[in-house]
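To begin, one chain is listed below as structure tokens, in the form predicted on its own.
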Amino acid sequence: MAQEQPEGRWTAILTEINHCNKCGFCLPSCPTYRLTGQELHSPRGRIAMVEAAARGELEQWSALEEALTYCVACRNCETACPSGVHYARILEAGREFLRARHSRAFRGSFAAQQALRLAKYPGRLRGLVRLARRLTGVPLPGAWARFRAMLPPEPRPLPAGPPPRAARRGTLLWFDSCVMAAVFEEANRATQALLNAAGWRVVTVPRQTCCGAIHLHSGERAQALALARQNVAALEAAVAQYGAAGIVHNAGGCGAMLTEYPQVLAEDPAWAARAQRLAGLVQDFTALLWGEEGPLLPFQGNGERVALQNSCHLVNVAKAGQAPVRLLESVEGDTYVPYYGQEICCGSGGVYNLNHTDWALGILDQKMRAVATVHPTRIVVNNPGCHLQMQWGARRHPEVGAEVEHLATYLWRSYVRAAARASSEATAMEGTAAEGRP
């Protein structure tokens, strides 16, 4: 038995590993296996490597490092698994084991290390983004050049909409993703405006911080736990103050992390119980825009073909990937165009694209080729990492000819268009009625 981990922890992981029957159903769902075709870079291969380490049978630690380092952690394999294996638990245990051995495998690039630090300070991250945008055209060293290449251009102003409705549905607590706040602030404004228009009151939670997902996926478990505790305390206080109906977000990865806080904090029963009371309140904004009879708001398109890059963790962890699809299908005048491999990761993976740029671009290129087959004019996303990655893909593949946009800004413009049409029709009806009066 490996001695760097508590024996009870490895016993639990081996129990989880024993659920894997080695069937291989996970292989086609894995972006790195699809890229390389190598068993070492498949979920089945990685599970086998962690099992060997747990049983003290591993001879080449470099192979375990390679296997676990290059996993994107999209968790698509979990949805494909007929045995219900919790792959993420095995992956995280293996990565913690490597860190305990002082492995350099997860130290990451300089840019990734800075991203992990800055995520805890959204104000500093916002300042860095502004600086990078100002330095357009100025040569930068490799990692920083890649970071700037992923940034979208300055956002265009959101169109003004009708006055929001009274908050008759209740109060929602807003969880603000660190990257969304720094890079996609207009999407945050659009999300809150949509919820206001649907009759929700939205309150930003003070003292919240990064959800910790990118730290957990990078093997920095202690930091992830500290961030989780800070958010649980902040959300608890806000729920007590406002009696909120839900905790809302527009970043699939962050929302999934919030729902998994009880598992992340499982070794601390008191905090795990506190997190469990909050987890059921967490919802993606799209779920809150859909009522019993359909969308709560009208949406009018502009004759576009719209493709979706759905967040891996919204789909695979939160199991909430259908709400965005339903809303896109409800936009009158636009055509939602699904494509083969739509559920496969785009290669962002938190800071994966900063640590393993070549692999991330290989996965991205496959994704863009699949998107190109449906000839979209617009690609919408619902996670900041996906947004940055797909924006990068659109620049690498101009032949696709599609603009990348957050789902919230797309829906807000569609709602404003629908509201303007309804107002115009109402005015015309009033004019017709007035002409018919004696």
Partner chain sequence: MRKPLWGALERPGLDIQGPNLAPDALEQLRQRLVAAVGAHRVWSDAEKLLAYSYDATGERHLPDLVVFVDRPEEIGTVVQVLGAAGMPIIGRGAGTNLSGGTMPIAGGAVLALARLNRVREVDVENLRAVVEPGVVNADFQEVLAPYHLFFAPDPGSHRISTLGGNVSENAGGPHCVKYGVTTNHVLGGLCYLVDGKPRRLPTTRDWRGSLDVTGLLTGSEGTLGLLAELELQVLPKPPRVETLLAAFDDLDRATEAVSAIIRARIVPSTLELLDRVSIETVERFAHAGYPKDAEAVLLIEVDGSPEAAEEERRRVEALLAEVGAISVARATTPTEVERLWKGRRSAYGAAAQVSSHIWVQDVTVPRPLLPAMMREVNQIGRRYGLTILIIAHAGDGNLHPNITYDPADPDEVARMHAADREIIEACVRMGGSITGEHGVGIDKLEHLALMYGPDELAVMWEIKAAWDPQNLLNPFKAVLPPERHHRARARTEPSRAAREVAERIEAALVSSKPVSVHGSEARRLLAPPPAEDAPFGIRTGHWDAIVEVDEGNLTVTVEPGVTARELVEVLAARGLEVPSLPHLARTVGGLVASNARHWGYRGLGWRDHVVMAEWVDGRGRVVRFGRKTMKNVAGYDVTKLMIGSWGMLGVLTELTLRLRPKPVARRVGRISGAPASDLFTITDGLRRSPMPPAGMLLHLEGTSGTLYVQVEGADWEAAQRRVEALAAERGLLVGWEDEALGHQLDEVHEAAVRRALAEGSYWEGGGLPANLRQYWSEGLGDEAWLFPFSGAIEVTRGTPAGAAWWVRRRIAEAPEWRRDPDWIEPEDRLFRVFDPHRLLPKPPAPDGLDSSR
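Positions refer to the first chain, counted from 1. Keep in mind it's a predicted model, so treat the numbers as computed, not measured.
We do not show the form predicted in complex with its partner chain, though everything after this point is about it.
Judged by heavy atoms within 4.5 Å of its partner chain in the model of the complex, the contact stretch among the candidates 88-96, 272-280, 75-83, 249-257 is 75-83. Taking the partner from elsewhere, every residue among 24, 28 and 343 has a non-hydrogen atom within 4.5 angstroms of its partner chain in the model of the complex. 34 is the sole member of 397, 34, 378, 413 with a non-hydrogen atom within 4.5 Å of its partner chain in the model of the complex. A single residue from the set 371, 402, 49, 388 has any heavy atom within 4.5 angstroms of its partner chain in the model of the complex; that residue is 49. Interface residue remark: residue 70 is not counted as part of the site for its partner chain in the model of the complex, having no heavy atom within 4.5 Å. Contact annotation for residue 421: none of its heavy atoms lies within 4.5 Å of its partner chain in the model of the complex. Taking the partner from elsewhere, residue 44 is found to have a heavy atom lying within 4.5 Å of its partner chain in the model of the complex. Contact annotation for residue 427: none of its heavy atoms lies within 4.5 Å of its partner chain in the model of the complex. Contacts between 38-66 and its partner chain, taken as any heavy atom within 4.5 Å in the model of the complex, involve 38, 39, 40, 44, 45, 48, 49, 51, 52, 55, 57, 58, 59, 60, 61, 62, 63, 66.
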